[in-house]
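Two forms of the same protein chain are encoded below as C-alpha cells; each is given separately, as structure 1 and structure 2.
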Structure 1
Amino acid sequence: MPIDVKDLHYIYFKKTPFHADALNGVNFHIDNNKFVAFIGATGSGKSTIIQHLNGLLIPTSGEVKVDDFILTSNKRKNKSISKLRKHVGVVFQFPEYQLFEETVEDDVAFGPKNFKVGKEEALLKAHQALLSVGLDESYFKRSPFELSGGEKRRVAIAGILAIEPDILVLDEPTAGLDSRGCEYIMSLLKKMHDDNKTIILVSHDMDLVNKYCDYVYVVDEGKIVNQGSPKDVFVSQDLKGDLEIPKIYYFCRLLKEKGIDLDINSINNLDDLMNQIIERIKK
C-alpha cells in the first residue's frame, strides 16, 4: 500500500489562544515494503505526521492518501477511517502504558475483536501474533503488568500485528529499553519488513536508523528539510536540533581530522571502516 502525502498542514488548538502550527506543507511518498524513518528534534512534527497515516489526526489542509484511502480536511469524505486502521497499525511511544486487560492474550485479542472478529478467532490471531514476537504459550495467561519493559513492548506490538496491518508505524519503539532490548525489537521489525510489511518509525537513535532503514526523512519546524538514504543524510548533512550522526560516521570524521584519509561514502558498516583503517596504516 503506497503512501502519498501532499501539502499537509496541521494546526493544534485552531482558533484558540493556544493555536500552534505543527505541520507546514509536508510532502512525501513511501512505496510498498519500505523501511522508513522520520527523524528530527523534539517538537519538530514527526509524531504529528505519523498520526495522520491512519486517521488519528485529520489534516487541517492538504491530503493523505494510503492506497485508495484519502484523508482531507473535509470530514464528510473521510468515511473509511475504520477500514484504513485495519491496514495501518500505529504503536505509540511507551505503548506498554496502554495495556489494560487482565491477561496478555486478552490484551492482544482486543484489536481483532474491535474489528468484529469472533472471540475464538481473535484469540487464535492473538496467539499467532505473540509467538511472532517471541512470546510463547507461557505468557498467554499472564498479567501484562507483571512483564518486563521489553516484554510489555512486544505485547503492544503483537496487539497491532493481530489485526494484520499492511503498514506498521511505530513512535520511538526502542525508547526506555536497554541495548539488548533495542536490538531485539529492531531485529523483529527487520523480520517483518523481510516478510513484505512496510515499516515506518520515528526514532532518536541514529545508529539504529542507519543500520535498519532504507530511507530517512528529516523533519524540522513542521517541514521535511532533507531526505535520502541514511548514508546520504548522515554523511552529507549536519543534523539540526538535538540529533547526532551515527557513531560510525562520527568516528570517521574524528579520524579524518587526525589525518587518516577515509572514503566515508564507501563505508557502510564497522568491517568497512576497519578495512580502510588497515589499508591506510599499511601505506
Structure 2
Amino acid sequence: MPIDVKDLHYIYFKKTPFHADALNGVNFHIDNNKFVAFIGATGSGKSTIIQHLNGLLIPTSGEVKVDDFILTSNKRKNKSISKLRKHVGVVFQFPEYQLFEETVEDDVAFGPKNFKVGKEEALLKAHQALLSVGLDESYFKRSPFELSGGEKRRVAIAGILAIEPDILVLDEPTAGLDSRGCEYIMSLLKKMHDDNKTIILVSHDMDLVNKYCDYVYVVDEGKIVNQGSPKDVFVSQDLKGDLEIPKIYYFCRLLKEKGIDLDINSINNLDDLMNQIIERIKK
C-alpha cells in the first residue's frame, strides 16, 4: 500500500488563543515494503504527521492518501477511517499504557475482535502475534500487568500486529529500553519488514535508524527539510544542534572540523571508519 501525502497542514486549537501550527505543508510518498524513519527534534511535528496516516488526526488542509483511502479536511468524505485503521497500525510511544485486559491473549485479541473477527480466530491471531514478538505459550494466560516493561511493550506491539496491518507505524518504539531491549524490538521490525510490511518509524536513536532504515525524512518546524538514505542525510545535512547523528558520522565530523576529510560515502560501520583512519595514518 503506497502512501501519498500532499501539502498537509495541521493546526492545533484553531481559532483559539492557543492556536499552534503543527504542520506547514508536508509532502511525501512512501512505496510498498519500505523501512522509513521520520527524525527531528521534539516538537518538530513528526508525531503529528504519523497520526494522520490512520486518520487519528484529520488534515486542516491538504490530503493524505493511503492506497485508495483519501483523508481530507472534508469530514463527510472520510467514511472509511475504520477500514483504513485495519490496514495502517499505529503503535504509540510507551504503548504498554494501553493494556487493559485480564490476560495477555485477550488483550492482543482485542484489536482483531474490534475489526469483526470471530472470537476463536481472534485468539488464533493473538497467539501468532505473541509468538512473533517472542512471547511463548507460557505468557498467554498471564496478566499483562505482572510483566516487565520490555515484555509489556512487546504485548502492546503484538496487539497491533494481530490486526495484520500492511503498514506498521511506530512512535519511538525503543524509548526507555536498555540496549538489549532496543536491539530486540528493532530486529523484530526487521522481520516484519522482510515479511513484506511497510515500517514507518519515529525515532531519536540515530544509530538504530542508520542501521535499519532505508529512507529518512528530517522534520523541522512542521516541514520536511531533508530526505534521502540515512547516510546521505547524516552526511549532507547540517542537522540542527539538537538532533544527534550516528556516532561514527559524528566522529567523521569532528575529524573534518580539524581538516581531515575522510571518504564518508564508503563508511558504513565502525570497521570501515577504522580502516580509513589507519590508512591515513600509514600514509
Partner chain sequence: MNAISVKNLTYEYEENIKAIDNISFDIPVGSFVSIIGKNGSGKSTLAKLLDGLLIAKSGEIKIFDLILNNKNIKAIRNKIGIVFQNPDNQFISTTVEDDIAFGLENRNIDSNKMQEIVIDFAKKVNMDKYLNKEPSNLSGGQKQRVAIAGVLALNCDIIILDEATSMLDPKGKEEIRQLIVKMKQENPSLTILSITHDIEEAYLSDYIIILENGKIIKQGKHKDIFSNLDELKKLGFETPFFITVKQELLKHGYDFSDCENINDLVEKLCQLM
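Remember, it's a predicted structure, so these values are computed and weren't measured experimentally. The first residue in the sequence of structure 1 is number 1, and each one after it adds one. Each form is matched to the other, and the largest set of C-alpha atoms that superpose within 1.5 Å is called the rigid core.
One chain, two forms displayed separately, with the form predicted on its own being the first of them, structure 1. Core-superposed comparison between structures 1 and 2: the C-alpha position of S266 differs by less than 2 Å. Superposed on the rigid core, the forms differ at Q276: its CA is offset by 2.5 Å between structures 1 and 2.
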